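Take a look at this single chain, the form predicted alone, given in structure tokens.
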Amino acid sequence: MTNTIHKPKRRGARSRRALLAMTVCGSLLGALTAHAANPIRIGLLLPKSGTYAVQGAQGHQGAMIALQDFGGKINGRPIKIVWYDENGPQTTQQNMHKLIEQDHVVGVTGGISSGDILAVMPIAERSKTPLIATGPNATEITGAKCNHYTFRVDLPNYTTTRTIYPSLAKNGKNWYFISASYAWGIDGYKQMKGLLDAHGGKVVGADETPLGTSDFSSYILKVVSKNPDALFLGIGGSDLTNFLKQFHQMGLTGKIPVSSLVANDTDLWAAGKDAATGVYPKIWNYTGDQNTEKSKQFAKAFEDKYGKPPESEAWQDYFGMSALLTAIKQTGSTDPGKLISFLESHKFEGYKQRPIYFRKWDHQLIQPTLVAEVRKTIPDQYNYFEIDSVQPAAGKPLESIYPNKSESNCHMDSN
């Protein structure tokens, strides 16, 4: 009788345990399935409007090619890119908060304006969100304002000015400057003026122009009145396009040598073949012997998908997104500490002729760059640049064109 009483209880207990185990397994499986289906969200801040809108579109397209390279997912989880506008520091700050607090992104890439990136860097630091700034150039981003959560892909003004100075200096020592009146242009003027002064040159005139200037005629007349040996610009986007068009309309193309802190292909494409002129520092170019197989594959994938070649901003955002996706894949994690440790120590192979890397003490991407000159005869609507040289020259350390620790004001807290 005891058995007849106890046996059903044991069967019942085993059944309940089995049922509990099945429930737990089912819950775990459900949770795992839900986790696998839950996308990893990555924020993208690039202009959808304003002076740099065209570059912003190219940057977004470059980031999408990176996502395509990874098959749209990492470790079974889909990747979702959330793109918000970068159009002024206040708007960009609001969108950075939105990405972190509403969309719960694991990292943010993008950024063209130095002023906008300097505005969101403290937000990245406070929220412990990795930020890969792909397009800004103000030296302080990886200098005095550097922080543990921000990495920079593009070249600092320190580097662009030093790579282009020897080419422009061949024309003489009396220079005129026109610079955008915000962080990037102001810093660029100081950097290049310092070089000019150190080599015995003279600033014969200098103007700051508001971002979004459409009429440069009064500034160009001032340039003409000073008859400089060279004109150095710190303007970009549609500002550079407008300047080159008006410079050409006043009959000055080819008469006063021109250079700038950077040159984006889209700025010159919009100016047109007749107005395009100058020699520029350039982070990447879709043509030229310096391109690696990986670089050529990117250019082909971009052209196949979008029907035109990529410009430098597209490559920058392609690389920035690729770097973050690589970190997530290789660490198997979205933990900020693990991602930052990976980015600080990894060497990215194949993107350029030498391995490139984020320097640990300031998070600046260390890479070779180009000196590019507008072709005398432009063969089609896109192929504007001929590559004069790759900097630094073969045999010289990559870091020789970047500020060293004693020159930098970066004192990063490793929190």
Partner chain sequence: MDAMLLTSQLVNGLVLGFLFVLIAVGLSIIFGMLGLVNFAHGAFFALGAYFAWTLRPYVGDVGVLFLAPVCVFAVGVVAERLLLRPLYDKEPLLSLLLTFGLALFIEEAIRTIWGSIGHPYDAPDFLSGFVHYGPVFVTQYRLAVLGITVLLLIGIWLLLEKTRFGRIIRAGSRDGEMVNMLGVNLKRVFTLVFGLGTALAGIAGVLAAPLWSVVPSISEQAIMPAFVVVTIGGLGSLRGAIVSGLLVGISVALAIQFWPAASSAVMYLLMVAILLVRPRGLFGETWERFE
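Positions refer to the first chain, counted from 1. This one's a predicted model, so the numbers in the text were calculated from it and none came from an experiment.
Beyond what is shown, the protein has a form predicted together with the partner chain; the following relates to that form.
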Work out which of the listed stretches, 62-70, 351-359, 372-380, 49-57, brings a heavy atom within 4.5 angstroms of the partner chain in the model of the complex. 49-57
In the model of the complex, the residue from Pro210, Gly76, Gly172, Gly254 that sits within 4.5 Å of the partner chain by heavy atoms: Pro210
Ok, Asp215, Asp197, Asp335, Glu101: which has a heavy atom sitting within 4.5 Å of the partner chain in the model of the complex? Asp215
Taking the partner chain as it sits in the model of the complex, is Leu221 in contact with it (heavy atom to heavy atom, 4.5 Å or less)? yes
Is there a non-hydrogen atom of Gln290 within 4.5 angstroms of a non-hydrogen atom of the partner chain in the model of the complex? no
Look up in the model of the complex whether Lys245 has a non-hydrogen atom within 4.5 angstroms of the partner chain, and give yes or no. yes
is_contact(Gln249, the partner chain) in the model of the complex, heavy atom dist at most 4.5 Å: yes
Stretch 262-289: residues contacting the partner chain in the model of the complex, 4.5 Å heavy atom cut-off: Thr266, Trp269, Ala270, Ala271, Gly272, Asp274
